[in-house]
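Shown below, as structure tokens, is a lone chain in the form predicted on its own; questions about how it binds or moves come after it.
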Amino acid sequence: MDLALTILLDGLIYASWLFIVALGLTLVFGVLKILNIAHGSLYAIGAYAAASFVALFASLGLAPEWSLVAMLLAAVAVAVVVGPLLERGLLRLFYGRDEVLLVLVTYALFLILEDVTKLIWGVNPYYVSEPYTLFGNLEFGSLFYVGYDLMMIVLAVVCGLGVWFGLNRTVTGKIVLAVIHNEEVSASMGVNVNRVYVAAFTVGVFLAALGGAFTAPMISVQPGLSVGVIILSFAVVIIGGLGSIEGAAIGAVVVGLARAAAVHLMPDAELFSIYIVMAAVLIFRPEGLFQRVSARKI
């Protein structure tokens, strides 16, 4: 019983931070039709920015509770500065080109951002320990979990519901959905498609940075962060179906539980478990579990 509960909780905690990052990736693909490989670098920048903001707040003598505000502000700052800069300054130049070219552009951007983070923050690891003890420990039978880890599950649910509500229950969200469905018709109806692109990409950057910022207290922030998270994020959105929020949620839970089960039952298969699950899903659903049906254009 304890083993099953351990696998469930570990899987959900792992899935939570992965879902936040994958949510931004699938949103960007859904609106801009870009497989953004640089998304992992944006996650890493969010983690580094959080480390800097938390250190700044601590140097000002603020209570540890303010470190949560610092991490949120770090994600917002990364989104506001980097999002419009990349979308307007680079990506828009390649809209309408071959999709493979866009993938190569984002891969080049990924390599550039990797070096930029090293130039700004160096190669030594950063530790963001202040917020990790704020939520105490929680007891589940004979199991003890750090409250901060479980808080990540709540944060992931809030992010998922927030994006879903924003897209489906607001006027702005319905405009974004109209652009997703058909940008040419939307433009002819007076929708500023460029503005929608900037907003969607900025939200995607914010989610990547938010995932990095709130994961920073759980890890050591150091070079190489971006590689692992982008591979896992792609696995999540491929399992769930590109551009699907529901699919990203289910994909993250599937990946999280598969990894947790492998860690506790077959540690040697931890690395392969995720790809085995992805391959099994793609055999029966090559388009992913929740891939939307798109209308064919004449």
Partner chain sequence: MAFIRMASCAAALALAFGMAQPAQAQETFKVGIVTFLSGQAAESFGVPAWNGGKVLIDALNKGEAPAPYDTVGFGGMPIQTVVVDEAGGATKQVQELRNLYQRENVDVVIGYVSSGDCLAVAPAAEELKRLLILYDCGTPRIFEDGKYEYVFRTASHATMDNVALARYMKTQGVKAATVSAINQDYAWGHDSRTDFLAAMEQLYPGFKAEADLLPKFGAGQYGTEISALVRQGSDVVHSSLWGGDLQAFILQAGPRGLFKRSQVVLSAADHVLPSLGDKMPDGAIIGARGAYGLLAPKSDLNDWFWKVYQDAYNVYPVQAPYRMVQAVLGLKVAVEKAMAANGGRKPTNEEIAAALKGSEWHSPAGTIRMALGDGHQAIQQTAIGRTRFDEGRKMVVLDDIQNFKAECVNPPAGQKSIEWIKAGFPGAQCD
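Positions refer to the first chain, counted from 1. This structure is a prediction, so every number in the text was calculated from the model and none was measured.
The same protein also has a form predicted in complex with its partner chain, omitted here; what follows describes it.
Novice: Residues in which of 24-32, 262-270, 245-253, 50-58 have heavy atoms within 4.5 Å of its partner chain in the predicted bound form?
Specialist: Of the options, only 262-270 has residues within 4.5 Å of the partner.
Novice: Has each of 3, 129 and 145 got a heavy atom lying within 4.5 angstroms of its partner chain in the predicted bound form?
Specialist: Yes: 3, 129 and 145 each sit within 4.5 Å of its partner chain in the predicted bound form.
Novice: Would you kindly say which of 88, 118, 174, 195 lies with a heavy atom within 4.5 Å of its partner chain in the predicted bound form?
Specialist: Of 88, 118, 174, 195, the residue with a heavy atom within 4.5 Å of its partner chain in the predicted bound form is 118.
Novice: Using heavy atoms and a 4.5 Å limit, would one call residue 137 a contact residue for its partner chain in the predicted bound form?
Specialist: Output for residue 137 is yes: heavy atoms within 4.5 Å of its partner chain.
Novice: Even though the partner isn't displayed, in the predicted bound form is residue 219 close enough to its partner chain, meaning a heavy atom within 4.5 Å?
Specialist: Close contact exists here: in the predicted bound form, residue 219 approaches its partner chain to within 4.5 Å, heavy atoms only.
Novice: Closest heavy atom of residue 166 to its partner chain in the predicted bound form, within 4.5 Å or not?
Specialist: It does not: once its partner chain is placed as it appears in the predicted bound form, residue 166 has no heavy atom within 4.5 Å of it.
Novice: Is residue 228 one of the residues lying within 4.5 Å of its partner chain in the predicted bound form, judged by heavy atom distances?
Specialist: Heavy-atom contact with its partner chain at 4.5 Å: present for residue 228.
Novice: Counting only heavy atoms, which residues in 108-127 are within 4.5 Å of its partner chain in the predicted bound form?
Specialist: The stretch touches the partner through 118, 123, 124, 125, 127.
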